[in-house]
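We begin with a single chain expressed as C-alpha cells, specifically the form predicted on its own.
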Amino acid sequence: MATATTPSRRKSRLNRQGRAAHVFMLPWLVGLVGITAVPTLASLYLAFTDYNVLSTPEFIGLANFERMFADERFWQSVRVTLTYVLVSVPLQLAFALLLALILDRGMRGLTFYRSAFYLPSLLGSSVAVAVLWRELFGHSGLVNSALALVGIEGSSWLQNPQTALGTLVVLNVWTFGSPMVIFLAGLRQIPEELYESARVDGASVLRQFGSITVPLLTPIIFFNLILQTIGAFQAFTQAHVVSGGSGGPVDSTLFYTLYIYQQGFTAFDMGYASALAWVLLVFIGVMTAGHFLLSKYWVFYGD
C-alpha cells in the first residue's frame, strides 16, 4: 500500500512546486507581455500607418520607410550615431582592458578600486551625470578653468559642432567599469603556467600579451563588444540632456534614438517614429548576426 501511494505523493508535491514556480514567474510574464511584447507588436503595426496620437491610425503601407530616403535629418542621425559607435566603443574597450591589466597585477585595495571603477557604468547614462557633463564642458566649466591655469583659452565645447560629439564620446569611454570588471574576470582565468613558460622561452611582455592574453581573452572581448555596441546604438539620455533635446548644435549630437524621440513625442508623428525604431531594431539584429558570423575567424574558444 505504501509503495503505491509514494509515487502519487511525489507527483502531488511536484505539482505544488510547479504551481508555486508559475506564481513567482507571473509578474515577469505580465511584464514581458504587457510592457514588451504588446508595445513591440503595436509599434510594428503603427510603422505602416499615419498616426499623430490624437486621431485613428491610417494605413499608408511603406510610405514611412520611403520617406526616410529623402529625410536629411534621418541621414544626419545615422552619421552621428555611427561615428559615435565606431569611435567610442573601441576606445572604451581598450581603456577598460588597460585598467583590467593593471588591476590584475594583484595591487592592494583591489576590491575598492574595482568598485570605484565600476561606479561610472552605473551612473553614466543617468540624467545627473549628463547635467554634470554639461557643466564640465560648458564655456565657464571646469575643463576650461583647468586649461586657463596653463594659459590655454578653451572654447565652448558643447556649442561647437566640431567638438560637441567628442564630449559625448568621452562620456561613453568614462563608463568603462562594466567591461573592465568582465575583462578582469577573464584575465583571472588564464593559467599562470602559460606566462611562466613564455618567460622561460624569452618572450617579452608585449609578446606574451599578443600571443597569450589576447587570444585567450577573445571570447570576453567578443562578449563586451556585442554588449557595448548595442548599448551605444541605444544611447539617448546624454545627447538629450546635453543638447536640451535638440540634437544641436547644427544636429551634431542628433543621435538616432533622439531623432526617434523628436518625431514621436515632439512632432507627434508616431507612425514615422515607429518605422524609425524598427529600422534600428533590424539594423542592430543584422549587425549582431554579422558579428557572430565573423567571430569564427578571430574568437578562440577552449576547443
Partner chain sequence: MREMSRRNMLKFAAVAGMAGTAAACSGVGGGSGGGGGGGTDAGGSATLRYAWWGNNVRQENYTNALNAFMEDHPEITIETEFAEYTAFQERMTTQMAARNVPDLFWVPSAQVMTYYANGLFHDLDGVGTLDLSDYSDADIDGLRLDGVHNTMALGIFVPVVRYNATMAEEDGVTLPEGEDWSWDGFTEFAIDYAANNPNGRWAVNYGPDHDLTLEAWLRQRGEQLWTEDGQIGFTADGIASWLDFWENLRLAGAAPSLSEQDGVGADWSLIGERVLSYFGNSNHIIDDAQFFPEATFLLRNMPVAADATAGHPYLYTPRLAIYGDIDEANLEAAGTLLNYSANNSDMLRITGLTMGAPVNPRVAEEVTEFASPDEQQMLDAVSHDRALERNPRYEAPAGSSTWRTILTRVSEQVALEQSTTVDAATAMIAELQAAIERAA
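Being a predicted model, the structure only gives us computed values, none of them experimental. Numbering follows the first chain given and starts at 1. For the two forms, the rigid core is made up of the largest set of C-alpha atoms that agree within 1.5 Å on superposition.
Although it is not shown, the form predicted together with its partner chain is what the next lines describe.
Of the candidates Ser211, Thr83, Ser155, Ser197, Ser155 is the one whose heavy atoms come within 4.5 Å of its partner chain in the predicted bound form; the others do not. In the predicted bound form, its partner chain stays beyond 4.5 Å of every heavy atom belonging to Glu66. Residue contact check for Arg73: one or more of its heavy atoms lie within 4.5 Å of its partner chain in the predicted bound form. The shortest heavy atom separation between Phe255 and its partner chain in the predicted bound form exceeds 4.5 Å.
Using a 4.5 angstroms limit between non-hydrogen atoms, Gln159 touches its partner chain in the predicted bound form. Contacts between 17-42 and its partner chain, taken as any heavy atom within 4.5 Å in the predicted bound form, involve Val30, Val33, Gly34, Ile35, Val38, Ala42. A movement of the C-alpha atom of Val131 reaching 2 angstroms or beyond is seen between the shown form and the other one when the two forms are aligned on their rigid core. Superposition on the rigid core between the shown form and the other one places the CA atom of Gly141 2 Å or more away from its counterpart. Superposition of the core reveals a Cα shift of less than 2 Å for Ala289 between the shown form and the other one.
Between Leu225 and Trp28, the C-alpha separation shrinks by 3 Å or more in the predicted bound form, relative to the conformation displayed.
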